[in-house]
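Shown next are two forms of a single protein chain, provided one at a time as structure tokens under the names structure 1 and structure 2.
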Structure 1
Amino acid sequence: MFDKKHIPHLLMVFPFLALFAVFFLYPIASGFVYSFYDWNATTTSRFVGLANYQRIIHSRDFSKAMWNLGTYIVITVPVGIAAAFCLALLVDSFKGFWQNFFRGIFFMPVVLPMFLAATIWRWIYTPNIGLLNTIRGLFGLPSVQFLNDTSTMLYSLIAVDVWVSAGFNMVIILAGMKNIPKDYYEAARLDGASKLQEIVYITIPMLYPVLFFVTTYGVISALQVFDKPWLLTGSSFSQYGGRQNALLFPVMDMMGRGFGELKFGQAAAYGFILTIVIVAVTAVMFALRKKGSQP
């Protein structure tokens, strides 16, 4: 039952609730309504029911984008975490100044503006005069069209993502390593354990919550990937996705339908499909986490 003594508390949180309703709840509700309309912002909207959802799910671009996304997640997340774990072990082996120095060096790609990182990597991947092809040329190997060959485009993007995300994950894993009691390692050394055995039987099990966090964060981030493939493939609505849509991802497809083709109803429906996918994947991961933590 409502108690008048709560009125001052409600008045205090009212500004936040008002902003939350205006800038969060209202756009979501509007987007959900628009997802059932055929609307291009210049003509009168027309109610089409679930047609937008059906067009998206049955389109070849959606299938291609989801395939690229699945491949991207399966490779990027474990490779990125493995790279971050190795970097954390390396940085943890240093002390004092050098530990801070290498931690800053490896973390630098995280704070680098994405457009600058993409520019660097576009130069690295440039045919003939790029860094990678110059090195290949020294060994007599032919030039590779990293961002124009459908067999290498996705892996070129994965390399960029691992380079960017490894520093962020390294800092989190390194913080987790600092919280592992040193007594465990001292006891293991007294029993004659090797460095590898310490990592396998002490470090990794004790880092389980941290590794779960970086895995969940990595998967959710990968589900929303947009800026890296967008910048690597030209950053325009006429070029997004690259050759044969080898770098087409769901968020890019959604943006292309909305701002490239002015199909705002389909873009809104696409957004809700992605939201359902992200919520479902997150729920599955937390269910697995809960199941894995049970004795």
Structure 2
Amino acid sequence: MFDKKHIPHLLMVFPFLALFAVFFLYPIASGFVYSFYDWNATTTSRFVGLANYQRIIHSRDFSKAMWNLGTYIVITVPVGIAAAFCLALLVDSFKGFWQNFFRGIFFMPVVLPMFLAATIWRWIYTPNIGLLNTIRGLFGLPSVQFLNDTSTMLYSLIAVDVWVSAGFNMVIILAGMKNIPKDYYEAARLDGASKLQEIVYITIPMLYPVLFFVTTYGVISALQVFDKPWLLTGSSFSQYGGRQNALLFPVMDMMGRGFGELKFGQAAAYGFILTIVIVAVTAVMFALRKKGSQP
């Protein structure tokens, strides 16, 4: 099986596989071990079994973070993808220069690093002097504390999220649209189909795999949302999550336990709980997809 002739091949893959093993496989394994220890980097560690997991699941922060996450995903993913789909249709209806122009402009927010998008929006939301409140003022509307009023906080985050992600998803959906054979539309037009009928009966079904990808990807990244709410609510380990933890999310909670309270065992356990949630959600989505795609 092993042969001298394999040596050059193995030498070439070695750097990648070595780094992969050290900085991916080993951390996963060691994290799994840490998650069973009461370990805070200074005192000696103590085996505590499943206590870390229990402590997290029964904590109020965890249920709050999970509730926020659920609400956030249920709104942000469908709205974001519907917006991206409409943008893709809009851009697709332009030709040549203008198509590239609008695609570029709509994509612009994606180019900004996430931390920047969040900081710009933080100031746009500022009470009294912020851009949004200034505009409200022009119409005689009272100032809103977008990031400090528990009834608006989540929607403020969702607006930033849709603003950023719509352009990203639009590009993927647009690429999918280009792959739909033109004959279908021509045939439909000959049969007297309206534009709306073309979209419902040709574009959407043909885009099914792309839309599925965008949805799955959107859900998985939304499950791990961190930068945006972190920066919108204070950006420090002592202050995050906002008023009444209305913008507390699981990864933030994990980071807070790890680096704020130095409970690394709990933080490691948190990572595994999140992974289980993510794997479960993804599995459900794939199961639903199989059902849906079979006639």
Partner chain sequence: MTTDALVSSATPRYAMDLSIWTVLKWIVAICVAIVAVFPIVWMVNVVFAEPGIPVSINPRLLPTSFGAGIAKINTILSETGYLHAYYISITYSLLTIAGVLIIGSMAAFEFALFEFPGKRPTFAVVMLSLMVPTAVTLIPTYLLTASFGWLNTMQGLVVPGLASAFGLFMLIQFMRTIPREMIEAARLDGASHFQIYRHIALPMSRNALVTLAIITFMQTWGNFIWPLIVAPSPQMYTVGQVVGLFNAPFSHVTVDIVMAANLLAALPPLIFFLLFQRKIVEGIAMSGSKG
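Only the largest set of C-alpha atoms that superpose within 1.5 Å between the two forms is called the rigid core. Residue positions are counted from 1 along structure 1's sequence. If you're wondering where the values come from, they're calculated on a predicted model, not measured in any experiment.
Comparing the two isolated copies of the chain, the second one is the form predicted together with the partner chain. Remark: with the core as the superposition reference, the CA shift of residue 18 between structures 1 and 2 reaches 2 Å or more. Here the rigid core is superposed, and residue 9 then shows its C-alpha moved by 5.6 angstrom between structures 1 and 2.
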